[in-house]
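The chain below stands alone and is given as structure tokens, in the form predicted alone.
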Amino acid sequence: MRPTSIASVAAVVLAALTALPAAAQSLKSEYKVSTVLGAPFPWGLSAQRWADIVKEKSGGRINLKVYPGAQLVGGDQTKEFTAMRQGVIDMAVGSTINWSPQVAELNLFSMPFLMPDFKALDAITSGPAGKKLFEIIASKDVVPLAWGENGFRELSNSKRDIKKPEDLKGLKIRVVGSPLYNETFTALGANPTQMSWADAQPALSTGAVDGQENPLSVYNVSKLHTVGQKHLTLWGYVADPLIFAVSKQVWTTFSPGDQKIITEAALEAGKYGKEIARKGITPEDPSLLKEIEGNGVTITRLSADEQKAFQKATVAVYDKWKAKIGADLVTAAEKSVAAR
């Protein structure tokens, strides 16, 4: 039966995994939770909410501690998933982008212009494609529990307003460490430069790179308008869902009752994270956008025809990666988007 909610996706995984016998092992004094961004970013806030709910519902028996900045893997967020597989990290609220080097199918969410809005994103994560992705992750010694959200990634730069692909020509744009992002921006005529977020901010400040792409919450909390990022384009070309997950080695040490507590807490924290990630950037509540404009930033909102020009420029990249990710998985996502 087709799942219709995030809860149903997690329930499928939970049902399969709680059948595993829990090892006779006492609880650790602390369970390390890895994140890239801490508070006050929505990412870190939702991770902390997970920890708080688990502590409350377990009566203080299970203590999760959030370690932001990917510090548990020396700042290299692309190593987070492997570390969790190995049991070096107990738990994580991880980015689908950062985990894609180990789980290629997670590149689905980085397919350019696949998801036009939040309803489309929700349709994918709660639909057959989302269920399949959780099954794939579960097969790699990591237990996925719930979806969270970092947000749609918007484009900013220090040079000019971006309204058409030609406007990107020659701009040095900081991108995450994924070949799909490199290829997308190359197709648009930009000069993509891969670097960690820790390196990106000083690079923007010195002008070593001209621009970057990130969710609006990251743009605002990081005060990127103070490092010359005064031209912001809302194009929603890709999204970055987050996944609440536990190392299988750790998961099997919990009783079924404690597994239920941790799962339900992750679902609740994921819902909370989505709410705050979307706050202030919707037609119903544009308060964050107004705040950004108040900082002297020009916000460019693409028309449907303008967005199609960017889609057309990246169609070859889309088709290539559809085959690499898996045509069946991408088609399932496309169908969910069309039916939303």
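A quick note: this is a predicted structure, and the numbers were derived from the prediction, not measured. The numbering used is simple: start at 1 and walk along the sequence shown.
Quick note: we don't show the form predicted together with a small molecule, though the next part is all about it.
Enquirer: Using heavy atoms only and a 4.5 Å cut-off, decide whether all three of 43, 95 and 214 touch the small molecule in the model of the complex.
Expert: The answer is yes: all three residues contact the partner (heavy atom, 4.5 Å cut-off).
Enquirer: Sort through 262-270, 146-154, 184-192, 247-255 and report the only stretch with a non-hydrogen atom within 4.5 Å of the small molecule in the model of the complex.
Expert: In short, 146-154.
Enquirer: Wondering, does residue 233 line up within 4.5 Å of the small molecule in the model of the complex on heavy atoms?
Expert: Judged by the heavy-atom cut-off of 4.5 Å, residue 233 is well away from the small molecule in the model of the complex.
Enquirer: Residue 37: heavy atom within 4.5 Å of the small molecule in the model of the complex?
Expert: Contact with the small molecule, yes.
Enquirer: Hey, in the model of the complex, is residue 197 touching the small molecule, heavy atoms inside 4.5 Å?
Expert: Residue 197: contacts the small molecule in the model of the complex.
Enquirer: Give a yes/no on whether residue 77 approaches the small molecule to within 4.5 Å in the model of the complex, heavy atoms considered.
Expert: Yes, residue 77 is a contact residue.
Enquirer: Among 239, 108, 162, 176, which has any heavy atom within 4.5 Å of the small molecule in the model of the complex?
Expert: None of the others qualify; the residue that does is 176.
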